[in-house]
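Shown below, as structure tokens, is a lone chain in the form predicted alone; questions about how it binds or moves come after it.
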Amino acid sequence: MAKVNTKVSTQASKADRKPSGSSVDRIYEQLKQMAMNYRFRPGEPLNEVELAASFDVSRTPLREVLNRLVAEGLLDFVPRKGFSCKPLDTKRVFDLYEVRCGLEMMSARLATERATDAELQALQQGWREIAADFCDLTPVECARCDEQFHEQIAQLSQNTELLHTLQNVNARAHYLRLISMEQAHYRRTTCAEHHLILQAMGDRNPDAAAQCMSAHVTLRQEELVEVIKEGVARLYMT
């Protein structure tokens, strides 16, 4: 009877289980969504063994994804303690919104100066169609439509770095945006302020567009504090 080369057989088995690029991308997208929506409680260490088992992968590709999310600011890593979700504290959120305000103002100004008439008209028409049903959408749909609106303006700025940075900030602020969109008055305010931004951009007034954007993005401190409190309460409700 011929001998079976167990070493080769074992190596082949491991190679078969090695996740492909698309599998790693799938794990990344799922973990990113979990981090964005605080499926992990802030500050609590992630159980890498359980995560690897749930995704049916070894810890090596899982670590690759977790380190990528740390680099993107969605997770924390502390030596000897491991990975954890970002804390949902007032200082961090205020810092994030200050950065967002600066990015959005620059985005509106540059887009007003650089976008073609056809591009601005398409943006205006697209938002008019969304606004007609905006208050009847789910909070998840509203949050995504709002994110897309701001990212479309950044795209019209023709500054790739600006767009990528804003997308990262949006991912990190997604949970708070989602909670805000549950409030009817916030949805109405969002629609009205988007129209003002678009009007200023259509008038080719960069200063007015930047000012309207600033007023829109800069939430009152008390309002943002309440959103943070609500977000923390929900995370520890169950």
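The shown structure was predicted, so the numbers you read here are calculated from the model rather than taken from an experiment. Start at 1 and count along the sequence shown; that's the residue number.
Below, we turn to the form predicted together with a further copy of the same chain, even though it does not appear here.
Three-residue candidate spot F77, R92 and L103; every residue lies within 4.5 angstroms of a further copy of the same chain in the model of the complex by at least one non-hydrogen atom. The listed set A115, L162, L88, L123 contains one residue whose heavy atoms approach a further copy of the same chain in the model of the complex to within 4.5 Å, identified as L162. For the residues S58, Q33, N67, S54, the 4.5 Å heavy atom test against a further copy of the same chain in the model of the complex is passed only by N67.
Residues with any non-hydrogen atom within 4.5 angstroms of a further copy of the same chain in the model of the complex fall in just one of 58-66, 177-185, 208-216, 193-201: 58-66. Residue contact check for C135: none of its heavy atoms lie within 4.5 Å of a further copy of the same chain in the model of the complex. Although the partner is absent from this view, Q167 stays clear of a further copy of the same chain in the model of the complex, with no non-hydrogen atom inside 4.5 angstroms.
Contact check for L110: a non-hydrogen atom falls within 4.5 Å of a further copy of the same chain in the model of the complex. At a distance threshold of 4.5 angstroms between non-hydrogen atoms, E98 is in contact with a further copy of the same chain in the model of the complex.
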